[in-house]
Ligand SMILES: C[S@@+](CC[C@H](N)C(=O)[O-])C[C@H]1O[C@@H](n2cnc3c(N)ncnc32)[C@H](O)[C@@H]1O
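Quick setup: one chain, the form predicted on its own, written in structure tokens, and binding and motion questions come after.
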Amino acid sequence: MIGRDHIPVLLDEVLDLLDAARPGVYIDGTLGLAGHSREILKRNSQARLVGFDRDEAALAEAQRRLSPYANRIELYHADFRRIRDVEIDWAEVRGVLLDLGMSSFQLDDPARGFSHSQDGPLDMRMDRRQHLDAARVIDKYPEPRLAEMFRNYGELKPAAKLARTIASRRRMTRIESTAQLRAIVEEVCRWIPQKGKIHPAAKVFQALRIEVNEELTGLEEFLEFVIGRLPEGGRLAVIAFHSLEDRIVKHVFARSARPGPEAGLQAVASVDLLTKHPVVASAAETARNSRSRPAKLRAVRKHVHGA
């Protein structure tokens, strides 16, 4: 059982943008510890939930937390991008949510290797059934590929130098712990702690996590698939935590809301933008939960013809 209380990010804003008081089916593609989904089911006795998560431990905890609503939920140990494999009556779907952030219990568990601030194995797999982990990436990827990963996914300036240093060090000893990698990053970036300045290892760990879990792969296709399946008035909300994900969400939503063949989906606008600009956490929320600070929430509504 997870001891730490889970705080869902932008909870009220998500429920409002999903218009989650309506009877029907709600899909949570990244269930995590079920913070958002539990509130939907708690507040709406006519809501049913279809939930996905590729982290088996998270799914088990979510199932425990949702046990009072067991007769209204279907949970799947799967990546949200496998949604095509699940039989869903899309005519009944009222809202779809993706919260692309890390669950607190993943970050807080040193054994998972997601956090640079705690020593643990370089793992970072959300789905522990998969073979590729962060240690294998660091050990096996050619230097140019490492540099490209740090540059593209971590937006790290000394990406080439870091890749070169890692390639040199791993010839002498295997780099397999978060502490080892953090020390190398601090050396390469000449890190001196300063108040308000983000540790460079945060960008490196982000890049590794994205690579290991293929976090950007298929996101655009998933969003387009959902938009294509939603019934009129159905809503899609996405919380992104870094610019790479948010950029994809922003572009898909903008393209889908723009009429004309160049939109790439159909000849007329298929959605209405509910968020012209991303919704961010209030000062009060960031004071309660610092992990909400980078969150950006965007939402669309499937266009209602004749409205």
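What you see is a predicted model; the values in this text were computed from it and never measured. From 1 onward, residues are counted along the sequence shown.
Same protein, other form: the form predicted in complex with the ligand, not shown, and the subject of what follows.
- Comparing 93 to 101, 169 to 177, 131 to 139, 184 to 192 against the ligand in the model of the complex, the single stretch with non-hydrogen atoms within 4.5 angstroms of it is 93 to 101.
- The candidate spot formed by 223, 231 and 235 lies out of contact with the ligand in the model of the complex, as no residue has a heavy atom within 4.5 Å of it.
- Proximity to the ligand in the model of the complex, defined as a heavy atom within 4.5 Å, singles out one entry of 73, 146, 126, 122, which is 126.
- Screening 160, 107, 78, 88 for any heavy atom within 4.5 Å of the ligand in the model of the complex leaves a single hit, 78.
- Contact between residue 58 and the ligand in the model of the complex is found at the 4.5 Å heavy atom cutoff.
- In the model of the complex, the ligand lies farther than 4.5 Å from every heavy atom of residue 270.
- In the model of the complex, no heavy atom of residue 27 sits within 4.5 Å of the ligand.
- At the 4.5 Å threshold, heavy atoms of residue 255 stay clear of the ligand in the model of the complex, well away from it.
- Residues of 32 to 59 placing a heavy atom within 4.5 Å of the ligand in the model of the complex, in sequence order: 32, 33, 34, 35, 36, 52, 53, 54, 55, 58.
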